[in-house]
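As structure tokens, one chain now follows by itself in the form predicted on its own.
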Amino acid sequence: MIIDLQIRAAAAADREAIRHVHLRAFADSENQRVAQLALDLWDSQNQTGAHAWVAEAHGQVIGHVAFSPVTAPSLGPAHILAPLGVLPEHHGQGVGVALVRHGLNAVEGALVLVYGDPAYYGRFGFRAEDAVWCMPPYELEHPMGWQARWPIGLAQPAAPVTIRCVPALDDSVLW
């Protein structure tokens, strides 16, 4: 764990640092797309209600996460966690964990969805079997990565519901 790690709301001055994090955190085959998604979510947060946080160490942004609202009929407040990125030289130091936990605390009580590595997100209570009640807006390239963190007290619907995302996430290429 990085000793002086701080998690804070992303600010306008962080825009280029957020882009840089995702360009470095993801493979060349997807880094441009993910970096653009992060910026599009940042640019639209006032209209969509998306939240963005950065991890900072020694005055440098080293990680970023966004939580965006989704519409899930009859399920109440819901968000999708995407994207999450940490500079490669800080992997394994708890930066991503701190960002995810901070975001989950901020949206506590809401259903949270994620499309990512089950081994990583399982530690936060995300489960693929809970996501069957929330159909993604597009067919998934990796269905095993679709997971949900179901809030305590929220009843599962009688039938699966299809979620609707904010415009930046409403792109079949991202799924």
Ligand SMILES: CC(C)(COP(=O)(O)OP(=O)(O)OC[C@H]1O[C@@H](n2cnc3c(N)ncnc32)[C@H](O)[C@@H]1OP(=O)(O)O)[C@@H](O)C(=O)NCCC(=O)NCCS
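One-based numbering along the sequence shown. What you are looking at is a predicted structure, and each value in this text was computed from that prediction instead of being measured.
The protein also exists as the form predicted in complex with the ligand; that form is not presented, and the subsequent description refers to it.
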Exercise. Any idea which of 19-27, 6-14, 163-171, 148-156 reaches within 4.5 Å of the ligand in the predicted bound form, heavy atoms considered?
Worked result: 19-27
Exercise. Looking in the predicted bound form, any heavy atom of V97 within 4.5 Å of the ligand?
Worked result: yes
For this session: Answer yes if any heavy atom of Y138 is within 4.5 Å of a heavy atom of the ligand in the predicted bound form; otherwise answer no.
Result: no
Exercise. If you check in the predicted bound form, is G116 within 4.5 Å of the ligand, heavy atoms only?
Worked result: yes
Exercise. Would Y121 show up as a contact with the ligand in the predicted bound form if we use heavy atoms at 4.5 Å?
Worked result: yes
Exercise. When you measure heavy atoms, are R33, Q36 and L39 every one within 4.5 angstroms of the ligand in the predicted bound form?
Worked result: no
Exercise. Does anything in 58-75 come within 4.5 Å of the ligand in the predicted bound form by heavy atoms, and if so which residues, in order?
Worked result: none
